[in-house]
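A single chain, nothing else alongside it, follows as structure tokens in the form predicted on its own.
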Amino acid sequence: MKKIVVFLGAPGAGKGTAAAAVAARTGARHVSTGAMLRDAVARGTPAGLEAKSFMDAGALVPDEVLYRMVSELLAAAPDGSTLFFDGFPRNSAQAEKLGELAAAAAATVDAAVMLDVSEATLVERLGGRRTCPKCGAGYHVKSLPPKVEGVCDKCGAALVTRADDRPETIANRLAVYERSTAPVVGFYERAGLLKRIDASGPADAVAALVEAAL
């Protein structure tokens, strides 16, 4: 049987960082739907082109695009594996659909990890993120700055601010989260699968709390 752990939290809560760190320690697979979508946009796939306008505005990507990718991932995952989902599901309907997709692929949703962070911290984290458009490396002006300001350590390309991390988009992203994604917390809480984590501390401390909870 394949196992799924869902990582929940507002944009900037650190879902991807925590999921990647714990996956590296435990041998689980980190499934970042956001990264998959950005890769599809960069490669100009049909799904990527369809998703681009939504991502640039900080809005949700159409469900059917996500369902196709998730279904393929679950079908290809080996039996006995554990997958950490980061960025999906984003609403109650998607949470129900994940259960259906899991059942069809001989998998179960075992836990949902909720990373709790204040809104002020979220805005600071999102506004400070920088990305390398060439190699994909990520940085933060405060917590993970490059050696040379504005320049990628790995390939020397000029760093950029992602469209969905610009000030005019951050407020919309948080509003979309509160309206559509926050109810997923209640969905998994009612199912007895929710595990709340204080994610306001350093990344390594948060990862340790997540690993202990699982």
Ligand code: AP5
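Bear in mind that the values here come from a model prediction, so they are computed numbers and not experimental data. Position 1 is the first residue in the sequence shown; the rest follow in order.
Just so it is clear, the following notes concern the form predicted in complex with BIS(adenosine)-5'-pentaphosphate (AP5), a form of the same protein that is not shown.
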Q) in the predicted complex, which of 28-36, 42-50, 146-154, 185-193 comes within 4.5 Å of BIS(adenosine)-5'-pentaphosphate (AP5) (heavy atoms)? A) 28-36
Q.
Quick one: Leu73, Phe85 and Ala212 and BIS(adenosine)-5'-pentaphosphate (AP5) in the predicted complex, is every residue within 4.5 Å by at least one heavy atom?
A. no
Q: Sort through Ala102, Ala95, Ala112, Leu126 and report the residue having a heavy atom within 4.5 Å of BIS(adenosine)-5'-pentaphosphate (AP5) in the predicted complex.
A: Leu126
Q: Give a yes or no for Ala23: in the predicted complex, does one of its heavy atoms lie within 4.5 Å of a heavy atom belonging to BIS(adenosine)-5'-pentaphosphate (AP5)?
A: no
Q. Is Leu159 close to BIS(adenosine)-5'-pentaphosphate (AP5) in the predicted complex, meaning a heavy atom pair under 4.5 Å apart or at it?
A. no
Q. Does at least one non-hydrogen atom of Ala13 fall within 4.5 angstroms of BIS(adenosine)-5'-pentaphosphate (AP5) in the predicted complex?
A. yes
Q: Examine Val206 and determine whether its closest non-hydrogen atom to BIS(adenosine)-5'-pentaphosphate (AP5) in the predicted complex is within 4.5 angstroms.
A: yes
Q) Taking heavy atoms and a 4.5 Å limit, what residues of 59-77 are near BIS(adenosine)-5'-pentaphosphate (AP5) in the predicted complex? A) Ala59, Leu60, Val61, Leu66
